[in-house]
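This document starts with one chain, in the form predicted on its own, laid out as structure tokens.
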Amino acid sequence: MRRSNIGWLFLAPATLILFVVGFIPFLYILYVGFFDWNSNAVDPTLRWAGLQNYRNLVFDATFLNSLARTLVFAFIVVVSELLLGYVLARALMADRLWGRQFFRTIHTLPIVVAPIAVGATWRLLCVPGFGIIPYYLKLWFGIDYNISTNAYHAFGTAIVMDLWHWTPFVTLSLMAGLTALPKEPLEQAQIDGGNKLQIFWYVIVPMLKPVLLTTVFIRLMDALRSVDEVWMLTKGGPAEATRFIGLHIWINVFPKTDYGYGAAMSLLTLYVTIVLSWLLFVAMTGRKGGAQ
């Protein structure tokens, strides 16, 4: 058997699993999106709706607001996590850092915590009269912190919670990338008189692009589908201030059982995610599609 055939043979199980759990459900969602289907309606059967679900989305203020809110949230957390992740990666790689291995271990602990547990924990930390966050914000700064009534507090807490949970992932990714960088270009840049900022921007960042691209893609997709943490923290409130698109779809599909409309929202969100990923790819690599 030729080597190429052996390679395809090894890929076959993973390809089959991806087809079963990914492509087939996608086709089913695509099919359902063309129907009006609500199991709690007077007529719970599938009724052909054509493109009506997608037309309704264009004028659905709640959906559009949720999408815009999610894009703002994703932009803030992804950029913040990249900056914090790089600073922490540099700090944890420093030879003079005492207890470096200990701090590396402690820093990575949030990654292994389930999102629903993260949301529940932060909810307890933020409950007025019980949580330590409202207590100390009131004691030190005189802020009446309440994520149940103040939209800005709720949105800001969702951002901080996401940073706490996922910045360690970005840190580990950048640490791996920085460790693998060759020393020669850095030494040559220093010999040529480059300062730290020039070396970072013109040497380190270009060599880190593959790692940065992968990390941004993963974090962007995660941020756009954030559900568990936010549901446990605020349930989308107050006044839909944290009703991100993933949570909005979940509410329409499960509590409201509006499967056709939920399928249409899911497909449109997938399209937005693909477009954003492509734009990021073009912006970070300067290439379009598969062009070299």
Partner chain sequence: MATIELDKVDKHYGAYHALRDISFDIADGEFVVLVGPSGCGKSTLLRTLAGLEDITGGTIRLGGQRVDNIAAKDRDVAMVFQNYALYPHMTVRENMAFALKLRGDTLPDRNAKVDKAAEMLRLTPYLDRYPKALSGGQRQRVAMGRAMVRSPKAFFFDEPLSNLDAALRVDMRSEIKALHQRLGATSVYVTHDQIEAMTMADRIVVLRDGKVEQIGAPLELYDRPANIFVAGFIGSPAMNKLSVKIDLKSNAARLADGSSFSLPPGTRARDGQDAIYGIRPDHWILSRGDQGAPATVELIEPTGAEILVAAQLAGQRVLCAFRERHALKAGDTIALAVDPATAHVFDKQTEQRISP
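Predicted model only: the values in this text are computed from it and were never measured. Numbering follows the first chain given and starts at 1.
This next part talks about the form predicted together with its partner chain, which is not shown.
**Asked** Quick one: which of 82-90, 135-143, 194-202, 212-220 gets within 4.5 Å of its partner chain in the predicted complex, going by heavy atoms?
**Response** Only one stretch qualifies here: 194-202.
**Asked** Of M207, A180, A151, I111, which residue is found within 4.5 angstroms of its partner chain in the predicted complex when only non-hydrogen atoms are counted?
**Response** Exactly one residue meets the criterion: M207.
**Request:** Indicate whether its partner chain has at least one heavy atom within 4.5 Å of a heavy atom of D95 in the predicted complex.
**Result:** Judged by the heavy-atom cut-off of 4.5 Å, D95 is well away from its partner chain in the predicted complex.
**Request:** May I ask you to check whether A189 falls inside a 4.5 Å heavy atom distance of its partner chain in the predicted complex?
**Result:** Yes, A189 lies within 4.5 Å of its partner chain in the predicted complex.
**Request:** Although its partner chain is absent from this view, report whether G156 comes within 4.5 Å of it in the predicted complex, heavy atoms only.
**Result:** Output for G156 is no: heavy atoms all beyond 4.5 Å of its partner chain.
**Asked** Can you check whether P185 is within 4.5 Å of its partner chain in the predicted complex, heavy atom basis?
**Response** Yes, P185 is a contact residue.
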